[in-house]
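Shown here is one chain on its own, the form predicted alone, set out as structure tokens.
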Amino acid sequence: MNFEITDKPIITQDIINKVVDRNAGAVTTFIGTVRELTKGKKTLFLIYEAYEKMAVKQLSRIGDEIIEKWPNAKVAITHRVGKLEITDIAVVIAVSTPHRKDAYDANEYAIERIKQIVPIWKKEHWEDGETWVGNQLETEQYPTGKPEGVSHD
């Protein structure tokens, strides 16, 4: 499956292998990791949750959008849920295209669309508190943020 949510560590090469193509001259990979400092605050760890069925559907939608804009592209996206420590991989996006500029552009498009439309929520745990964060919290579907009871189950 090229679009998935997992609670296991992501193996980057496995995602890349899904898009390798004999006619592709470029494969770009975006690896989103957990950083320690955000706006001067020290993060201890993150917890990601997702409405899994809808998240996979939306990741697939992003793949369709990319293929419409870049017809020879191949796309694979895997996002992790659960507790992630500093430097853990949260998301891997791999895109292959015949030419490098298209691969870069399509990959950037993918991460921006994930933030806009995929129901994945991130809870940041800091030394002095915690909060749910992310642009996807402020949508028409979830106007007050992450809905109670939504999990990756």
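Quick note: we count residues from 1 along the sequence shown, nothing fancier. These figures come from a predicted structure and were not determined experimentally.
This protein has a second form, the form predicted in complex with another copy of the chain, left out of what is shown; the following refers to that one.
| said: Check Gly25 for me: does it contact another copy of the chain in the predicted bound form (non-hydrogen atoms, 4.5 angstroms)? | reply: Gly25 belongs to the contact set for another copy of the chain.
| field | Non-hydrogen atom contact Arg35 with another copy of the chain in the predicted bound form at 4.5 angstroms | value | Arg35: contacts another copy of the chain in the predicted bound form.
| query | in the predicted bound form, does Ile67 have a heavy atom within 4.5 Å of another copy of the chain? | reply | Ile67: no, not in contact with another copy of the chain in the predicted bound form.
| Would Trp126 show up as a contact with another copy of the chain in the predicted bound form if we use heavy atoms at 4.5 Å? | The answer is no: Trp126 has no heavy atom within 4.5 Å of another copy of the chain.
| Within 87-109, which residues come within 4.5 Å of another copy of the chain in the predicted bound form, counting heavy atoms only? | Stretch hits, in order: Thr87, Pro98, His99, Arg100, Lys101, Tyr104, Asn107, Glu108.
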